[in-house]
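Heads up, the chain shows up twice below as structure tokens, two forms, tagged structure 1 and structure 2.
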Structure 1
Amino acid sequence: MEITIGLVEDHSEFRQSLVFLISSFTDYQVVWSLGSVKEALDNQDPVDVILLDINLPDISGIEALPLFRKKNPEQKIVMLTIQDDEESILNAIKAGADGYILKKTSPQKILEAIRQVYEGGAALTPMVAKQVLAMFTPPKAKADTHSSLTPRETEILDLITQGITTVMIAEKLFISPQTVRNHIKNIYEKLQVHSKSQAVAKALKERIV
């Protein structure tokens, strides 16, 4: 199945090169490519995944996240940016980004990130994940968080960090998708996170899996 993509990027040369790259693969289609959040909100057709820069001329990518969510609560969004500072990464993840990829990432990894998010996973490069500060849980609570996860929850968290979808996890473990979702809900509560991208970042940073 073809993955449809929207791109919000104000640097025209990079935008055009990215459109060319993505369009050269048969499983991906760029439906629209725009230079600002306002254009995207006013004119966008529904797409599977939005690639969103942070430094934009009208509204920043981080500020735009809730606006896109309001228009389409199920929208998948991957930040594609040069910003590798901890504050930008943390703010994007807290605002609900499904992935955070640097522009210097190889083209193949960008395509992999798009597919991971499309299939319900989280897309964080190892470098980005390691830079996420331990602000989801107070430092003294780390040990309790570790020990409170059941073996099954730890197993599912490990599969999530590999980008495996809920349905695929269910098939692999011979349990129902709803049971997996229940486990994921418990994982979120114990790790004090709110999304798969936050869970992946915390799992890698704290070496839970």
Structure 2
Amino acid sequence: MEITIGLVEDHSEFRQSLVFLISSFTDYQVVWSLGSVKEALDNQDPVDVILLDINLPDISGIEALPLFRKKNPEQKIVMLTIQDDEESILNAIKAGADGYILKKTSPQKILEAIRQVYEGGAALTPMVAKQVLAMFTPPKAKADTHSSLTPRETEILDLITQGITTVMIAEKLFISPQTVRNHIKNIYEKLQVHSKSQAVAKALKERIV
């Protein structure tokens, strides 16, 4: 069975070589290949798999993902990009990408990835998979960074992340609100933040509490 492919990639040279490459295999057929999301969204035939760059002129690949999904939900979408930062990967995943492979990936692996998503799986370049898995493991290296927090400080930070006010914390711990404020100030200094909201964000994201 032949897999039909759509390609959105602004770098025309890379795009053409990719088309040439994929088309040289009998089981794969590039139905359309375009340089912008806009062109792709306007009147393009549905395909089995879309290869989508992230860094694009008009609309980024991440923003485009839900748009393609809306137009044709059963189309599989694989990000094909040079971006290998956690931010991009996470955004793509949250947007519902079926795959995330890097441009430096060998042609065979790209074709393999296409087949994998076509068959209902997901495809991740090893380096991307590594980063995805890392998102699950609590970064205990960072725990060290903040082990500088004293038990009392940790306790108070915990209460802050529960949204309890300074005064209520004081009451709960049977100490003066002023003391709570002092602890909070020390926490700020150690965490390098300047407000409660920043502290909460950091605490929750880095799993200090």
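Definition used throughout: the rigid core is the maximal C-alpha set that superposes within 1.5 Å between two forms. Bear in mind the structure is a predicted one, so any value in this text is a computation, not a measurement. One-based numbering along structure 1's sequence throughout.
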- [ ] Would you indicate whether the form predicted alone is structure 1 or structure 2?
- [x] 1
Open item on the list: Does D10 move appreciably between the two structures, meaning a CA displacement of 2 Å or more on the superposed rigid core?
Closed with: no
- [ ] Establish whether a shift of 2 Å or more occurs at the C-alpha of V180 between the two structures, with the two forms superposed on the rigid core.
- [x] yes
TODO: Having superposed the rigid core, state how many Å the Cα of E155 shifts between the two structures.
DONE: 39.9
